[in-house]
Every structure is written in C-alpha cells, then in structure tokens.
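Here you get one chain, nothing else, as structure tokens; it is the form predicted on its own.
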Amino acid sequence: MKVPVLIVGAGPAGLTAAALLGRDGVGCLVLDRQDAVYPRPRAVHLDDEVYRILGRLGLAGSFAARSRPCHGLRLLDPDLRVLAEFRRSPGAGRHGYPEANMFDQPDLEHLLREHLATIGTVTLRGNAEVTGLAQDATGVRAEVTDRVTGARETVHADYVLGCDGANSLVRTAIGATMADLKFDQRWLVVDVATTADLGQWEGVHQVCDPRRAATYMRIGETRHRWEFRLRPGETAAEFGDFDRLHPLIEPWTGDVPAAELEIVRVAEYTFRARIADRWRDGRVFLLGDAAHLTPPFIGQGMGAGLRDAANLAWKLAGVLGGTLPESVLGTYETERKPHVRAMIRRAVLVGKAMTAGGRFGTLVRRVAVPRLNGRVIDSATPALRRSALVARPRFRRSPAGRLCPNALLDDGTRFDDVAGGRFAVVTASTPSETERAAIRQSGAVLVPAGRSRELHRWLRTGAALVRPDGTVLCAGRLSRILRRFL
C-alpha cells in the first residue's frame, strides 16, 4: 500500500494534522493502536489561538456546542483566599473566539473523527499497530500489524508523522530522545459528574500550597476536574474510597450530598517537562506528546500538538503539491521547538509557584505572580523564531512570527474566512494595478486593512504577508514584499 502521508496515532494532534492535510487534498492514512476514542477525559483546556485552528477546519460551531468559555485563572493560598486573579474574556477576542475554553477531550476527538469521515482523501484505521519504520531517499516503509487478526502488511509513504504519544515508537525509530527539563511531580486527578450547582467561580482555581497543591475547574455543564499533588508514599488507590477522597474536594462541593457526586475517574499522573532532542529525521516528523511533554498548569499540553499540526501541515501540502521546495520542512522544528520550550518554562514557573515550600516558595510566589500577570492575562503566545518562513528583523519590532488577528471585516466575515488557508497580503495602502496583478499571479489573497478597524489598527502602515497558518511571514513595504517573497 502506498500513501503520500502516514500518520501514526489518532489523538488530537494526529487527527488535526490529517484534517488539515485532507483539506488541502493530500492523501493520508491514520493508524492507531486503539479501535476507538479513549473514553476517559485528559486534556480539558485550549486557548483562542488553538480554537482558531478548529475554526479553519469549519469546526468552530460544533466545538462551541461541546465546550464552555473559562473566565480565567485564580491563584489561591492554602485557605483558598485569592492571591491573584487573571481574567479572560468569555467573548470573542482578537482571534475570533473566547480566550480560554474548557471541554472534554473525548468529545473533541469524536468531533475530529466525524470530520475526517467527510474527507475523501483521509482514511482512519484502528487496531493497527506500527511495529517498525525504515526510510530511504524515496520514502518510508512502515510495518503494520492488525491487533485483532495478527495480519501484517507494509505501508509505503512519502512522509510519516509520529503522533503516537509519550511512549512514541516513531521517536524511538528515528533515534530521538527526550531531554529532561527537570520537573517531575505525581498528581491525583479526579473527575466528577454532578447536576448540583457548586456555586464556584467559572475559572481555574490553583491552590498554591506546598503541603497539598491543588487545581479545580469546571469543564462542562455537569463535569468537574480536581488535581491534587500526591505526597511521598501516597497512591491513587488510597483515594478510591469516597470517604478518603471527600475531604479533598469538600472545599468546593460544600454540602452537596455524596449521592449527587458521581466519581468518573480517580487516577495518578506524573506531570513532566520534556522535549525531544530532534523532531525530524529525513521524511519522518514528531508531533504532540511524541515531541514534547509539559506540566498542565497553563493548559497548553494538547494545544501544543495542534500548533505542531497547523505549522507543519500546510508546508507538507505545499511540498507534495509542488508549490514549495522541500527545504521549507526544515522550518518546522526551527519554529516550533523554541516556542514549545518557552511554553513549558512558563508552565513550570506556575507549577513552582503553586508547590514550592519554605522561604524559597514564598519568594517564588512573591516574584513570579507579578511577572505572570501580563503573560496570563494576554492569551498571545511567543512569536516564532526567525526561519526561511519568518522574516523577523533583528533590531526593530515587527509582527513577523506572530498570528495575524482573525479580525472581523466590514462584510461580517473574518480574516480567516477570506484567507481560506492560503497566503494573504494585508495592506494599509491601495495597491497599484501592477501590484494587484502580482498578488493574483502568486495565488495569494489581497485583504485591504481598511476592511477592518482592527486590522487597520494592527497594521497601521505598510503591508504584511500572512502564511496559510495565520502567521505573519514578513511586514514592510508592499513593493519589497512582492519583490522578495511573491
């Protein structure tokens, strides 16, 4: 069997990569060891930048029906008094969606699988385990075993995307290893379903307590999540009994009777901070948890995998379609790895602010909380580093490497609706006929900044070339952009 792209793993990163590639007409085979969506909740948060990726797939409305906006983050002391509050707007931000959103991961995976079923170029197969990979200059050979029948087959692919999680076989196959960023903590994760009104603030509560750090959040109409740091010697099994668990959640559940609290899951997780030493070997790439692991304190773990998919998919589609040189694939790791590392460091900082004890812990909270204020309130993540597809000047500020706002335009549509997954030229001036012809010939979309007060305020002067993933490639004079990049 021969396919352009083989995706190993049908978690959120793999499903999103397949959907983005399928949108561009790229043939994909997605293989997963499991036959269906893993039913237990894991990831529960994504921000407006990641929401925007779902919007480009036409899934914003469906996701909105399965999620709820989150009002932000509170850092609490051991007595649940507010140390700091970082509010997020439940309305549409600059990317067109709420800045923080709670959801149930199985719901999102079902939504993505349903969407893949409508794409004729994508095939999803469960109970299919990739047991080996080998590649040469022409492609990759994957050995696949059917976990039900034991039948074996060989799949030949032009490219392979390893989206197969923390214990990635693909990562092992290319000889990549995970660098430890020095954060390992054992936590108890508790999911509860109840129709009772707990009367809690509709945001994330993070308790900064070295004795028992904790997190609480409402993730759905009837679903709630708690996370408690385990002490040395404690195990999740000890909290399987409700009488032992109840004192932990009681500060939030109050007088709600035990009969009205359905324990969905009690499990132990080890929160880690790790990143692969390399994300690519020839025609094989790593995405999601196969490439990086982050503590969940700022809710960016799953979102990082979707960002990986959005960064790589359009480049891969361009290479396979003959419109981009293969060299652009080298920009994937160049751009994404520093971004992921920065987000992991931010998560570790919050984790230490929550859990560090003694004078050191007090100092961390005193110093870190004020520094976090601007970063947490603003949902924007760091700009991508310079690459062949990010022309950031060294000595002056530029929007290059950041996302262009998904601004509301004068006809009621948004920027992404008009760009449609293509290159777009946003300009504050009126292009000449020659310039308009050059833009049309390149296949890019022209978006006058005057069509939107937000776009005009963002760009002010000159022009910006926006990539299919919404990232600004460069900004400056329109004539220079056309001459250099189009």
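Numbers follow the displayed sequence, beginning with 1. The structure displayed is predicted, hence computed values, not measured ones.
Keep in mind that the form predicted together with a small molecule is missing from the display, and what follows is about it.
| Are all three residues 88, 206 and 299 in contact with the small molecule in the predicted bound form, where contact means a non-hydrogen atom within 4.5 Å? | Yes: each residue has a heavy atom within 4.5 Å of the partner.
| query | Pick from 353, 276, 383, 73: which has a non-hydrogen atom within 4.5 Å of the small molecule in the predicted bound form? | reply | It is 73 that has a heavy atom within 4.5 Å of the partner.
| Though the small molecule is not shown, can you say which of 54, 426, 30, 44 has a heavy atom within 4.5 Å of it in the predicted bound form? | Flagged contact: 44.
| Proximity of residue 217 to the small molecule in the predicted bound form, heavy atoms at 4.5 Å | Residue 217 belongs to the contact set for the small molecule.
| Taking heavy atoms only, is residue 100 within 4.5 angstroms of the small molecule in the predicted bound form? | Close contact exists here: in the predicted bound form, residue 100 approaches the small molecule to within 4.5 Å, heavy atoms only.
| message | Tell me which stretch of 198-206, 177-185, 412-420, 141-149 has a heavy atom within 4.5 angstroms of the small molecule in the predicted bound form. | response | Contact-bearing stretch, as computed: 198-206.
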